[in-house]
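Okay, so here's just one chain, in structure tokens, the form predicted on its own.
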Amino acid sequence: MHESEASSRTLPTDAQSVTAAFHKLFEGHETAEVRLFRAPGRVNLIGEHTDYNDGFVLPIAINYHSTIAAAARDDSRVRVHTMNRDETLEFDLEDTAKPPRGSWLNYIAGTARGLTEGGIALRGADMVLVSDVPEGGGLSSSAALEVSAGFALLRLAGVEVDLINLARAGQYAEHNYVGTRSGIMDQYIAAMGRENHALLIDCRSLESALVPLDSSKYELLICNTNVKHSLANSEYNTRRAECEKAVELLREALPHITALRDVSIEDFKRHQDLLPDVIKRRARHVVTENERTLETVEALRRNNMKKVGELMYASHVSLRDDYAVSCLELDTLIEIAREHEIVAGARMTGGGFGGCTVNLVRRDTINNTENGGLKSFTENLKREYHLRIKRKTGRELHASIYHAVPSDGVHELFNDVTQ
């Protein structure tokens, strides 16, 4: 939670805006009763589509957040206003009925239900939220919302926060309210992220290890395709089913396995002929991606960024060819990145079929605009992306670029009134 680091006498702009909106929208609360909470989005360095296979992932929490101003109520109603949509919705903690499918309220109501079904008694609350995590970009705006709202409800109820249980509650919302059978990575890093670190997560044991990120020589850039293809959610669930089928078939030769996490590269090579071609390719991605993730951790600990970059490129090829979750727009961004020596490595990140790439960029070229520096690279990437997509598809698309700073997970913000 890192409250000491989060404390500040100058509140971020988004925190000031939600506080002002709260007092405008919800009457009857004293200023001292209003508390501020925030949780970050994330970018995954490597380890894609391994989390729901009990595997390894290596995400970082980023400097984009879901921020909530909230105060407790004396009943079981939860009223939530989102500034992003200028809409107010509500639900009752004692009502098991779900909001309509597709409503953003499902992320909050589902997380609350996940907590209460775990035996936690919550209080009603009034909330105002704002998020600057890009939606549809594969940066986990939904997990940021789930974790920030769940954390707020726990704190307002005076409940000691177990961050792993909070992450599980967010995953419960995805499974049972949103309809996406996601792994736990997004909620876990939103809860447990740490400034200047990546987090190696074992998605079976839910144990994790901090991995320092040396930002003195390299920077992370996120490039958003600004496209999200409609098949993303349905194909996500299909991939999960295909992985489960691979496990079922491989058990003929490997009876001890319960997930693809249990299959070594040697095991896979020995028994891959048990699998139909499509299932084989899906399994090969997961098995090799787990290995790449662990190799990346070791490379980071040795500060071997050249190796990290090579593994990122290899991950993208596997996601594109074996797991088939990339798309023309993502591949175009990677194609452009490969043309620049400033980029040590790049890959798609997130569920796929649009969204973002993550790029490992050399910092020593940031101010060297004459010889392919950062400014030159970003301008070229935007220009080339627009031109190449237009040439290939006829569509007008423009990439967005974000500087990713490894940041803390969910925490409460303090100001002069509430300290």
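Owing to the predicted nature of the structure, the values given are computational and were not obtained by experimental measurement. One rule holds for the numbers: they count along the sequence shown, beginning at 1.
There is another form of this protein, the form predicted in complex with alpha-D-galactopyranose (GLA), and it is not shown here; the text below is about that form.
- The closest non-hydrogen atom of His49 lies within 4.5 Å of alpha-D-galactopyranose (GLA) in the model of the complex.
- Although the partner is absent from this view, Gly124 stays clear of alpha-D-galactopyranose (GLA) in the model of the complex, with no non-hydrogen atom inside 4.5 angstroms.
- Shown alone here, Tyr172 lies farther than 4.5 Å from alpha-D-galactopyranose (GLA) in the model of the complex, counting heavy atoms only.
- Proximity of Gly355 to alpha-D-galactopyranose (GLA) in the model of the complex: non-hydrogen atoms within 4.5 Å are absent; the residue sits far from the partner.
- The candidate stretches are 291 to 299, 270 to 278, 185 to 193, 250 to 258, and the one lying within 4.5 Å of alpha-D-galactopyranose (GLA) in the model of the complex by heavy atoms is 185 to 193.
- Only one of the listed residues (Tyr236, Trp104, Tyr218, Phe91) places a non-hydrogen atom within 4.5 angstroms of alpha-D-galactopyranose (GLA) in the model of the complex, and that residue is Tyr236.
- Residues of 333 to 356 that come within 4.5 Å of alpha-D-galactopyranose (GLA) in the model of the complex, judged by any heavy atom, are Gly350, Gly351 in sequence order.
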